[in-house]
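A single chain, nothing else alongside it, follows as structure tokens in the form predicted alone.
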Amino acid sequence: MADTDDIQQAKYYHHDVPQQNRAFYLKGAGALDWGMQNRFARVFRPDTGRTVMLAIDHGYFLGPTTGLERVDVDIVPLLGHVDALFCTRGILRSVIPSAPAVPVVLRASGGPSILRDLSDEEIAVDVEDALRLNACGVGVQVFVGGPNETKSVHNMTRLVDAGLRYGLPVLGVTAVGKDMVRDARYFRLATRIAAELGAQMVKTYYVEDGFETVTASCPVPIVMAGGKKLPELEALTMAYRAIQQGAAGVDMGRNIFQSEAPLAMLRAVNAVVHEDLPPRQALELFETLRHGAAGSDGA
């Protein structure tokens, strides 16, 4: 037992200082359990309340993707510059180093490949396995308006129920099929449904007209999806506008790893998200890093 010979009487109770109960800094997360808030705090930086996630989960339905042919060669060197990694458990276990640690959100839905109907997904990761991998969250596709809408929503709610038991947040990802309209009205619908049914964060696409109404009407943090590869200035402008219009971060993939200088682009995106750097200044930073020592190797 502990040595009790020299225990001093406690006396510094600070009775004149009220006990502090600080509100959690993320939108809609104030009533979540401590463990879930702690996982959120690893994904969303406490100093800005924002995140730069790197999405590399494309292979779960596309197979080898340009820029992701060798994750160990092309992606691992970028991990020191991301707030979180969105990936599959297969890639995580096979090529992502466990130290230094990077917060991970696991792709948890899947099934059909690009050759089939993508909306016909199932839950593809057990929550207990996500916990074994020390994940900070799980992501699931929700096909609002798609042929398997109800099934995909139930995939999400089943993960939400399991996540609540263990303190694991769920990222609802709004999927857009070929026949769906990509406008603010649709994304208001899709993001609100995901949040109403329990997703603690939502990933969705940016739209130029009315995106601020999407973020305002969603009661949980919205992370902007990067989408297709764009010229660097367009991608930086999209990220900047999304952040200024209420997004809590970005989850970019192809606009990072398909850039001619992925590390330079990632650092420019970080400046946009965490420092509110305007797009043209961010592009100047990208070009400087690309042609300087930090970007000369093409990393």
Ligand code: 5RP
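Residue numbers here begin at 1 and follow the sequence given. Quick caveat: nothing in here was measured; it's all calculated off a predicted structure.
Omitted here: the form predicted together with ribulose-5-phosphate (5RP). The next part is about that form.
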Looking at 58, 50, 267, 39, which has any heavy atom no more than 4.5 Å from ribulose-5-phosphate (5RP) in the model of the complex?
58
Looking at 125, 207, 225, 220 here, can you tell me which has any non-hydrogen atom within 4.5 angstroms of ribulose-5-phosphate (5RP) in the model of the complex?
225
I'd like to know if residue 200 sits close to ribulose-5-phosphate (5RP) in the model of the complex, meaning any non-hydrogen atom pair within 4.5 angstroms.
no
Interface membership of residue 173, ribulose-5-phosphate (5RP) in the model of the complex, 4.5 Å heavy atom rule
yes
Whether residue 253 contacts ribulose-5-phosphate (5RP) in the model of the complex should be assessed with a 4.5 Å heavy atom distance threshold; does it?
yes
Do residue 86 and ribulose-5-phosphate (5RP) come within 4.5 Å of each other in the model of the complex, heavy atoms counted?
yes
Please pick out the stretch from 240 to 248, 31 to 39, 267 to 275, 253 to 261 that is in contact with ribulose-5-phosphate (5RP) in the model of the complex, where contact means heavy atoms within 4.5 Å.
253 to 261
